[in-house]
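Given as structure tokens, the chain that follows is alone and in the form predicted on its own.
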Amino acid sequence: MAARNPKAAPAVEENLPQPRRSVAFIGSECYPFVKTGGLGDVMYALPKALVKQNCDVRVIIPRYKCIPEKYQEKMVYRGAFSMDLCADGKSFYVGIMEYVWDGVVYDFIDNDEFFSWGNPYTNLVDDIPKFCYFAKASLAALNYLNWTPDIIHCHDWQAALVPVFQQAMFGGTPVAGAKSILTIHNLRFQGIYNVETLKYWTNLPDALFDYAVLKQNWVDANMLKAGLSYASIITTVSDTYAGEIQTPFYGDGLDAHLRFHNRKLRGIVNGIDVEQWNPATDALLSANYSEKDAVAKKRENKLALQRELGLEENADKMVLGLISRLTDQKGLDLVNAIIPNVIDGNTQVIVLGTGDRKYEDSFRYYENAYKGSVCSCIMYDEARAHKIYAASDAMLVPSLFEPCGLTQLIAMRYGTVPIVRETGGLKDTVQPYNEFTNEGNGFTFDRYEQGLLLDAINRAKTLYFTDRARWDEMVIRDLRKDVSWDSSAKKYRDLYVELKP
């Protein structure tokens, strides 16, 4: 039976789903301690939602030096030990620091040799050894703490070796009995390096370095591929993406491997933290609102942001928001190509993000060329993001591929209509507007073509300017849409119970 941590486990109530399950989350980042993308949000929000589903959850991440001091100073030392790792017998210190918050226990693996840099990710030369160490140390830490989970839930390539180490090196220990889940958040990143380096830093048996497990091409080993082979279940962050990654275009070299393992592949769409993203309580907004007064209050937020950004102040203009990493994956080449066709005297575009230099420079050019109609904020600014979500009428998410996507979920939470390409989680969460039935919560296009994106924007503009009543009804539908983690957390809990009846 799995050991329980009384600090993490709320009293079991009769109305909570049964049976109770203990789950160890293992991943490379977690908000608010360290976050570089959507993985950090999931590692925070999903465990919190699972606590409400009668799960006992422990999150294991590295103790990076970039974690803010206000969290570092509250961590409690739980112990330390030495762990063998390398093929030559070299061992390393493993320290465990603990922080308990909102019913979730956070354990930080402490080792200055691996985690003393300012950022969680640097380059593969350094990251491959670091995450080999982290995967094995996480399992060893669970045994050391005498906390045996029912499920070990691993995330992305940085934790992909956990199921491999578990079965190859932890047989006969308490943690060996746990079932494992590996969640793919973005298949493009796989942890690929040469075989000899992976052999040294893992000391895994030579038999695992074949094409069925680790080997890729002639000289490389693939950490994610190995985890997919050994995990009890593979999940990814939307149903559509689960199908897409089994095709050559989206599979990034692992499509055949995923088709082989498709019997254990599931898609469960992400949610968002609806307390963090709540227009009714968001202190960063000029005017808070709910579905009762959203139409009027969004106009107030629009005027305030127009004033702040130096745009022409006119609440009747349609504002298109774009909050994104400025990369090809996010469809920025399409957006870049059509902006001159979008700016028509009645439309404004607000861009927020950083990324490839060509897009940063291009959007700066458009701001200068269309003063008062385009604002390009080439930065990462969380506060401004909240304001753009509230002030915009529509949000552009024209991605080439998108495993799940949080932008469209947050946009709908703020009553901002998403304009998306039908791929991955975008397709699963945005129902295209039907002018005949007046149903749907966004505008979509299928093929990755700039003309189709422009057509979707024009369809949105037509409704906005010619039938505002129906547009406002869609705004309210979006506000009412359930984008929380509750439904997804229940699906994960059901999967945990399926694995460990």
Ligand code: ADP
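All values reported here derive from a predicted model rather than from experimental measurement. Residue numbers run from 1 along the displayed sequence.
Missing here is the form predicted in complex with the ligand; even so, the following discussion is about that form.
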{"item": "Partner contact for residue 324 in the model of the complex: the ligand, 4.5 angstroms, heavy atom", "value": "yes"}
{"item": "Residue contact check: residue 73 to the ligand in the model of the complex, 4.5 Å heavy atom", "value": "no"}
{"item": "Residue contact check: residue 37 to the ligand in the model of the complex, 4.5 Å heavy atom", "value": "yes"}
{"item": "Any non-hydrogen atom of residue 354 within 4.5 angstroms of the ligand in the model of the complex", "value": "yes"}
{"item": "Three-residue site 244, 247 and 424 fully in contact with the ligand in the model of the complex at 4.5 Å by heavy atom", "value": "no"}
{"item": "Heavy atom within 4.5 Å of the ligand in the model of the complex - the one residue of 211, 77, 93, 380 that qualifies", "value": "380"}
{"item": "Residue among 149, 227, 398, 405 with a heavy atom within 4.5 Å of the ligand in the model of the complex", "value": "405"}
{"item": "Which of 383-391, 310-318, 168-176, 198-206 lines the interface with the ligand in the model of the complex (heavy atom within 4.5 Å)", "value": "383-391"}
